[in-house]
Each structure stands twice: as C-alpha cells, then as structure tokens.
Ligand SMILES: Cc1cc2nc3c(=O)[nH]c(=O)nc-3n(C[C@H](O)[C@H](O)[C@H](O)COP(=O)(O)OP(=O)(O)OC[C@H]3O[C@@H](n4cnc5c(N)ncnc54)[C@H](O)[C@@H]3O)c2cc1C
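Below you will find one chain, with nothing else, as structure tokens; this is the form predicted alone, and questions on how it binds or moves follow later.
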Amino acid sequence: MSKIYNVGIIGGGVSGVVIALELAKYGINNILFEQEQSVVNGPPFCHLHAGGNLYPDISDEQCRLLMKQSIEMARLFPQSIDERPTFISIPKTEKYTVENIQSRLDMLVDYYKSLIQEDPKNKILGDPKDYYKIYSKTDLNTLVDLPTVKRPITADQWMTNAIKLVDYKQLKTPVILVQEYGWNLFRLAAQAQLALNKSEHCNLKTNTFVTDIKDVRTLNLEHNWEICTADAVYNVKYLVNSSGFKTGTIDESLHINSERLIEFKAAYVSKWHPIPGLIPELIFHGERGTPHGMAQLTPYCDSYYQIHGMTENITLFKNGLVQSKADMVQPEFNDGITQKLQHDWDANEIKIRTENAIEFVGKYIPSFTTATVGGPPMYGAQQISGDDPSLRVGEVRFPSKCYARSEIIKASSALTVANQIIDNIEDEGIVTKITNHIKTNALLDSINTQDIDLLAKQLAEERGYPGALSKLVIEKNKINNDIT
C-alpha cells in the first residue's frame, strides 16, 4: 500500500520550507514539492522588517505585526541575520514628515518592550532604548568630521560612515538610524534545505513539478488528496498550497474562487569601489510608483550592493501589478514579465535597469555613480490577497476542509502561517493535539555554520550570483571597531 503523508506541501519557497520544518519538529510526516533544484527561489528578501520602517504609508498595526513576526523568524534563522542597522531619511522634495516617522518609532519601542516582557529571548534588536537614534543637522555636521570606523559598533559610528557618503543637504532633518537588520536569502535557503534533508519526517522533492491534484475527500479513503507528478502519485491527508504568486492555479484546479493581486518586482546587483568602512542599509523615502519613489541601497560583502528603486524603470514594471478576474482566479502577467520569470532576461535590459538604479541612488550618494553592473537582477513575483496593493502582511486562509493556502507577502510571516496551519491540522483531526509548543527548532539548530556557509555560496553561484552575496556583512561574534 502507498505511504500516506499527513501533509503535502506544494511550493518550497520560504513559507513552504518553514511549514515543513515546523511539522517535522513535532514529528508530523510531510512531503514538500519544489519544481526548482533547491528551495527558496521566490521573490528576493534582503531586509528584516522589524518595524516596517520602509513603508511610511502602512498602518501601525501592520508595523507591529511585522516587528513581531520578524523577531520570531530571526530567532528561528539567526545565521541568516545581518546585524547592521538601517539609515532612514526623507528627501526635502517628498511629502513625508520626520515627525510622523518618529511617532511611529516611539510606538514600536513600546511594543518591542512588551515583546521582551513576554519573552526575554525576543530581545534580538538590542536594548529598546537603542532601537532608533535621531540625528539633527548639527549632529551630522559634527559626525562628518570624525574618522571612519572600519567595523562600526555604535550608532554614531555607523552614522559617521554613512554621512561621509550621503549628500545630506538634500534631506530633511533629522535623519534616523534604526535597528532593522539585513536578512540573507541564500543563508536561510541553505540552512532550511540542509535541515529538511536531514529530517526523518519530511520528504523533500526538489526538481519535481506537480502535474495534477485529485480531490478524493468524498471517497472515504484514508487520504484526502492525491498529488500527481510526472512519475508518481502521492497520497496525503492535508494539502497546503504555498505556491506563491501561482496559488491561484491550484485554486482553479480545485474550483475555489478567491480574489488576489500578483506583482513582479526586481532588485539590481551592483559592484562599487571599496570604501573605508561598513555602512548601514540606506533608505531615501519617496512616493512609490512615481519617478521619485523610494531608493534603497543594501550592502553586501566584497563591495557588492543591491538596489531597489520604487519606480517603473527600476524595481517596478509597467503592467507588473495584475488583478484576478471574475472568470480567472489566477492572474496572468504579459509575455515580457513571464519571460523574465522563466530566467530569460534580455542582457541589454539588465544593463539599462541596473544603470538606472545606480544613477537613482547617485542622486543621494554622488560617488555611487561610479558603480557598475555586479550580476543579474534578483527578482520574483508575489501574491497579495484581496485588492489592496499596499498590504504588506499576509497570512493564511482555509478555503475548504483539509486545505490551506499560504498568503504571505513578506518572508517574516512564514512562521505565523506555519503555526496557524498546525492549529488547523489539529482541529481537523489529522494529528493529535500538541501539548508542548516550543519556539526553537532542533533540526535547524543542528546545522553548523560551516555547512551553511558552503551551501549558501553554492546556491548563490548556481543561480548566477556572486558568491559574496551569501556572506554576512557582520559575521557572528567577529565584531571589532578598527579606525582607519
């Protein structure tokens, strides 16, 4: 008789792997299908949104949830967290006010304190009093004359290094340094894949495309779904749709209607000349989708930088946001975007868009205009449930019995979704109630740093990126403050 799995998961993105890992942690057998040769191939993430400070237009509620979820994910994958801060600024041309951002930050400090009171191990962003620091124009004029610090530790040292490069005369003051860290996709993917391959309770099927799903819930069998691939059929009791922007494809095959948006975005890899000291991530706020949308510069090792520019000729694309229709649950991109999603970018477009991104950042960091193309774009498509394109927090829905659809927008929501699915599996009677819920995951903790280093570099290079993108800018337990 064919093996029956408690849970079958379609899609090995960050949501799928976290669901599989959490199920395996509790001994719940599951099978995970991923059509690529390795896991976590979806939209790139580079930033731990521990507060949502990249999004001045979202609600305080979303900011609090992003902070809570980001802390939970950082505790689960500490070897993927780059503990360097983020510089937040508003150009003088923009509508946003520093006062509104500061008011939100004060709210987040109070919320961070409450999370630490709930569990002292939530204190991963440093002391709450150091969550953010405000710098006036006078402060900046003083710091700009101080020596560069090769590996900064204090907020002032990070700001000193940054302000030597930034044309802060273009910015409203004060500017802010906040403890929103970097998040390395390749390291998370490596740790997750190593842990899943090691698990006795998860059957990871990479290079495996699901051709069909048969609903057999009414046939009184011991399983509810039959997942078909090119060479086998797998029986599962509970189905999880974690297919990212393609979740509607599975919904359509199961005759489930749901409203959704899908959006294609890209970030660009650049190479700059070496600079004397490390810098924080740099954010220059602007209205999304306009020619002066937000600029974001994310530092990596070996003088590589990732750039987001929230304009149509950089990160966003014409017709890049598509809504489902009444007669079509799965929205469809145009041929040009579909071609990109199939890893087939035009070389000239890569060059043009990367150079556009460099020029865009160069408005605020004049010396950055000397940067060059450093690799292919980091890109992907994401789903947004409903019809609100500004939504940044998505979780999970249960459209029918023994079926869950993950709807994460940011990677930080993955653990929340996994826990909600486990609760539903218990409610459905697929497994017995778990009496001892634990926040750690022994499978992930068992993977050593050296193995993560090796596989993360391999994954980056297999996907066509410089191996340096797999490294942490701030290595764990290797911080010093050499002055140059």
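Note that the structure is predicted; figures quoted are calculated from it, not measured. The first residue of the shown sequence is 1; numbering continues from there.
Absent from the display: the form predicted in complex with this ligand. The rest refers to it.
Of the heavy atoms in Val210, some are within 4.5 Å of this ligand in the predicted bound form. Contact between Leu443 and this ligand in the predicted bound form is not found at the 4.5 Å heavy atom cutoff. A residue is said to contact a partner when one of its heavy atoms sits within 4.5 Å of a partner heavy atom; Ile10 meets this definition for this ligand in the predicted bound form. In the predicted bound form, this ligand sits within 4.5 Å of a heavy atom belonging to Pro43. Note on the partner interface in the predicted bound form: the residue among Val166, Val322, Leu282, Met378 having a heavy atom within 4.5 angstroms of this ligand is Met378. Taking a 4.5 Å heavy atom cutoff to this ligand in the predicted bound form, the contact residue among Ile71, Val373, Ile176, Ile409 is Ile409. Of the candidate stretches 121 to 129, 252 to 260, 348 to 356, 235 to 243, only 235 to 243 contains residues with a heavy atom within 4.5 Å of this ligand in the predicted bound form.
Along 94 to 130, a non-hydrogen atom within 4.5 Å of this ligand in the predicted bound form is carried by no residue at all.
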